[in-house]
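Presented below, as structure tokens, is a lone chain in the form predicted alone.
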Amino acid sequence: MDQILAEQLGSVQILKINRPEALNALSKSLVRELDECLDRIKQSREIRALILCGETNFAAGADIKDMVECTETEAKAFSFSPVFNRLATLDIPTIAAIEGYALGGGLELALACDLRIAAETCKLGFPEINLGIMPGAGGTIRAPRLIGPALAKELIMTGSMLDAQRALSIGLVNRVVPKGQVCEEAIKLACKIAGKAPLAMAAAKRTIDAGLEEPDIVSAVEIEAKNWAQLFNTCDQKEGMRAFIEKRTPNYTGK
């Protein structure tokens, strides 16, 4: 059985985690499938937005049975960080549509996406400290940058779970919707984003990420100015501005 189900709706790619018997826990083989899907997405010129979701649960962490007897070397090889990093650095916008549990590696997977939409009944957290370990696929790095170090430390050090409203209040998720409406809301948002100029979208995402990495704000603004100016070499920039002047919908080609 495929552990990742792929469906394309126009220019939006949906990847659904399909391991319901284990609450969509992330196994090595599942993450390998995800990596293969990312390869295809990266090579596609048609796909302009990606949604990650699960049927009843997003992902209830990594599969503990796969890890319990790991040595240090084996644990490092087990890490999902390389694949999650590939997801985070895709040129296209990515959305995590979270139902049920998003715990441990599952929450780290969601944090590797650009945006997160959560069902009002979902539960999020980093329970690793209760297992004698800590987050190891970007959680200790991405969470502090998103919600600040103090809140991230509390979340990681206590191993507590948050409900959707608390996650929204601290900025861990972008929006909360009723149970059963997460995928529908994610598709609406993805379609809206996918209709924008893809080169400008990629540049905006890249610039935001570069700005977060650059400690000097003046240098960060210089990066922004350079990336902004380069977009004036694109056909999409001419099309977007001409369409605005002519009061019509632009037709972006990614060139």
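Since the structure is predicted, the reported quantities are computational estimates derived from the model, not experimental observations. Each residue number is its position in the shown sequence, starting from 1.
What comes next is about the form predicted together with 4-(N,N-dimethylamino)cinnamoyl-COA (DAK), which is not displayed.
> With the partner absent here, would Ala49, Pro93 and Pro198 each sit within 4.5 Å of 4-(N,N-dimethylamino)cinnamoyl-COA (DAK) in the model of the complex, counting heavy atoms only?
Checked in the model of the complex: no contact with 4-(N,N-dimethylamino)cinnamoyl-COA (DAK) for any of the three.
> Which single stretch, out of 200-208, 187-195, 63-71, 41-49, brings residue heavy atoms within 4.5 Å of 4-(N,N-dimethylamino)cinnamoyl-COA (DAK) in the model of the complex?
Of the options given, it is 63-71.
> Which listed residue (Ile141, Ile170, Met157, Leu131) meets the criterion of a heavy atom within 4.5 Å of 4-(N,N-dimethylamino)cinnamoyl-COA (DAK) in the model of the complex?
Filtering the options by heavy-atom distance leaves Leu131.
> Just to confirm, Leu151 within 4.5 Å of 4-(N,N-dimethylamino)cinnamoyl-COA (DAK) in the model of the complex by heavy atoms?
No, Leu151 sits far enough from 4-(N,N-dimethylamino)cinnamoyl-COA (DAK) in the model of the complex that none of its heavy atoms falls within 4.5 Å.
> So in the model of the complex, is 4-(N,N-dimethylamino)cinnamoyl-COA (DAK) close enough to Met161 to count as touching (4.5 Å, heavy atoms)?
Taking the distances in the model of the complex, the answer for Met161 is yes, it comes within 4.5 Å of 4-(N,N-dimethylamino)cinnamoyl-COA (DAK).
> Wondering, does Glu21 line up within 4.5 Å of 4-(N,N-dimethylamino)cinnamoyl-COA (DAK) in the model of the complex on heavy atoms?
Residue-level check for Glu21: yes, a contact with 4-(N,N-dimethylamino)cinnamoyl-COA (DAK).
> Might Cys122 be said to contact 4-(N,N-dimethylamino)cinnamoyl-COA (DAK) in the model of the complex, defining contact as any heavy atom within 4.5 Å?
Cys122: no, not in contact with 4-(N,N-dimethylamino)cinnamoyl-COA (DAK) in the model of the complex.
> Using the arrangement in the model of the complex, list in sequence order the residues of 105-139 with any heavy atom within 4.5 angstroms of 4-(N,N-dimethylamino)cinnamoyl-COA (DAK).
Result: Gly105, Glu108, Pro127, Glu128, Leu131, Ile133, Gly136, Ala137.
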